[in-house]
Ligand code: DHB
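Quick setup: one chain, the form predicted alone, written in structure tokens, and binding and motion questions come after.
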Amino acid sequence: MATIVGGVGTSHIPAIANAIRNELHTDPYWEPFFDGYGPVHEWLAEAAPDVAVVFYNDHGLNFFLDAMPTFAIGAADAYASDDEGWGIGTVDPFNGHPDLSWHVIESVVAAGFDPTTCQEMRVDHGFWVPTWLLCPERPAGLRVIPVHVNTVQHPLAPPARCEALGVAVGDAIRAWPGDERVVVIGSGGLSHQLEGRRAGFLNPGFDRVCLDALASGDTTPITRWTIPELVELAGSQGVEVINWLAMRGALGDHVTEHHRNYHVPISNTAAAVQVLAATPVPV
């Protein structure tokens, strides 16, 4: 049976890509941010996942305001990265896992979800920046399954619905008969707003409530909020925390917080990374 080794929540700010390319890891502005990822790299090396399921939000590359699915799951052989306008370039294509993707799709549909299935799909910075950040030297055998969650075109799925999608994805992975080791990634956030009168808005108190809730497993401090309430508390882009909720849902009940780093601000964003390692189910 496939094994979920744990999950990682991480910011996906486009500027991270240029910072990596320009080797700014020890730059005074960037060093506190990048220092938070050393323990993540060490954990991933030990956990040795060969599949990454990434909950992220597309930023207009595959889907735009005229056709924005609430949820979409990739089922392609490979995923080319692309730059939707930030000038951050691209990285090498990612290898897909179509068989496992279709198993996940069929399972979540049976669980009552209606994802769009994508047999061709490009991935933008919301997917490839965190994947590059977490795996700077991507293992040759790493395969990926992108799971898009709409955070752009309202109405958005409520937080509890996104967590439930994660639960369905996690159940599907654990029911897969293969021996894959799977890491689940939640991409985005935390609190930030990039436009309007509240541009630059951050809410560290909200962010810490979310990180504590995800670590404890009691996510009701997040799921009790509506999407409009999340926008008020976290900013219009801070709703990306629903990707972290989906990641947490996939992990099940038994996890331990292995690592956390929180830094304000990087590119007008409250940036965070959190590693939730799966622990054996008590007998």
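Everything numeric here is computed off the predicted structure, so don't read it as measured data. Just count from 1 along the sequence shown to find any residue number.
There is another form of the same protein, the form predicted in complex with this ligand; it is not shown, and what comes next is about it.
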Is Trp102 close enough to this ligand in the predicted complex to count, meaning some heavy atom within 4.5 Å?
no
Please tell me whether any heavy atom belonging to Asn18 falls inside 4.5 Å of a heavy atom of this ligand, as the geometry stands in the predicted complex.
no
Is Phe113 close enough to touch this ligand in the predicted complex, meaning at least one heavy atom pair within 4.5 Å?
no
Contact flag, His59 vs this ligand in the predicted complex, heavy atom cut 4.5 Å:
yes
The listed residue (Val109, Ala80, Cys135, Leu194) that reaches within 4.5 Å of this ligand in the predicted complex by any heavy atom is Leu194
If we take heavy atoms and a 4.5 Å cut-off, which stretch out of 94-102, 208-216, 156-164, 186-194 is in contact with this ligand in the predicted complex?
186-194
For a quick check, can you give me the residues of 4-19 that have a heavy atom within 4.5 Å of this ligand in the predicted complex?
His12, Ile13, Pro14
